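As a starting point, one isolated chain is supplied in structure tokens, in the form predicted alone.
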């Protein structure tokens, strides 16, 4: 009697993951989607590199900042997929495929369905990160050695960040259900976070109040730890006065705060969506 509910939950979770992957690929042939998944992150990284080289003209410590920029861009795929693409997917489930209400009525608890959908996005983002780092190491001659990476620190930092991104994305998707035409808001939110996360420039360059708000986010500490784990000090550090353990502690605290706030927001948005009929509302797409 104890195994059956767990088995049903696992089956529902894996089904949600497969559904998310199928929707992301638009049910296309796997080989064609793999080509797209490879070229998309590479093109994004190369565009930033070209912009950087044109703006700097080769002046300054180019290699150090280029490493900062590439790693931030590579790992940002997790946030882009987890926030923008996930929010769009939930809105598509309601407005385009008309199946969100059936996910609510299914025996599987709806949060498990949402976690499964979000997991599929984060899994596909992992391949994007790996591709960009490999291309950058070979093509741009960045000082990245697979044998020198602190995989333990990298894994812990990414796990905490994934939890935070998932909690934020689920809460955001439930809030967006209130909009009859909310398509594009997930991407807007992802781009806002892009500017306040330290992905492309240190948060210290932001105005004081904005820099303080950015320091409350787990994203800045996560990207700081990814750079330290991969490059071991051979890159610009946003928190030079903090040790790896102190940055990790701040990441854990910020993640805990994000999860707590996201859970409360989810409960509020879920009750509101049920009461006002947002789950099966006719929506523009």
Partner chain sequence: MGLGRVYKTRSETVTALDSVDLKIREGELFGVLGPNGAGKTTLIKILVTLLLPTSGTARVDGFDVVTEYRRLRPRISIVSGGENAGYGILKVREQLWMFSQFYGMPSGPARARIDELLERLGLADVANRQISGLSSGMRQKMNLVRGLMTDPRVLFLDEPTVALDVGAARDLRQEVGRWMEEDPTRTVILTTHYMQEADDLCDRIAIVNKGRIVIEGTPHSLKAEVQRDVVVDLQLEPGTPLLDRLREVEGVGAASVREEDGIDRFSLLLVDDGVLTNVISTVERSGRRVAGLAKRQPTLEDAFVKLVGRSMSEEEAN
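Positions refer to the first chain, counted from 1. Just so we're clear, the structure is a prediction, and the values are computed from it rather than from any experiment.
One more form of this protein, predicted in complex with the partner chain, exists but is not displayed; see below.
*Asks:* So in the predicted bound form, does any heavy atom of residue 97 sit within 4.5 Å of the partner chain?
*Replies:* Within the cut-off, so yes.
*Asks:* Taking the shortest heavy atom distance, is residue 264 within 4.5 Å of the partner chain in the predicted bound form?
*Replies:* The answer is no: residue 264 has no heavy atom within 4.5 Å of the partner chain.
*Asks:* With the partner left out of view, is residue 196 within 4.5 angstroms of the partner chain in the predicted bound form by any non-hydrogen atom?
*Replies:* Although the partner chain is absent here, residue 196 would stay clear of it in the predicted bound form, with no heavy atoms inside 4.5 Å.
*Asks:* Heavy atoms within 4.5 Å of the partner chain in the predicted bound form: does residue 146 have any?
*Replies:* Although the partner chain is absent here, residue 146 would stay clear of it in the predicted bound form, with no heavy atoms inside 4.5 Å.
*Asks:* Name the stretch, out of 169-177, 121-129, 69-77, 107-115, where some heavy atom lies within 4.5 Å of the partner chain in the predicted bound form.
*Replies:* It is the stretch 107-115.
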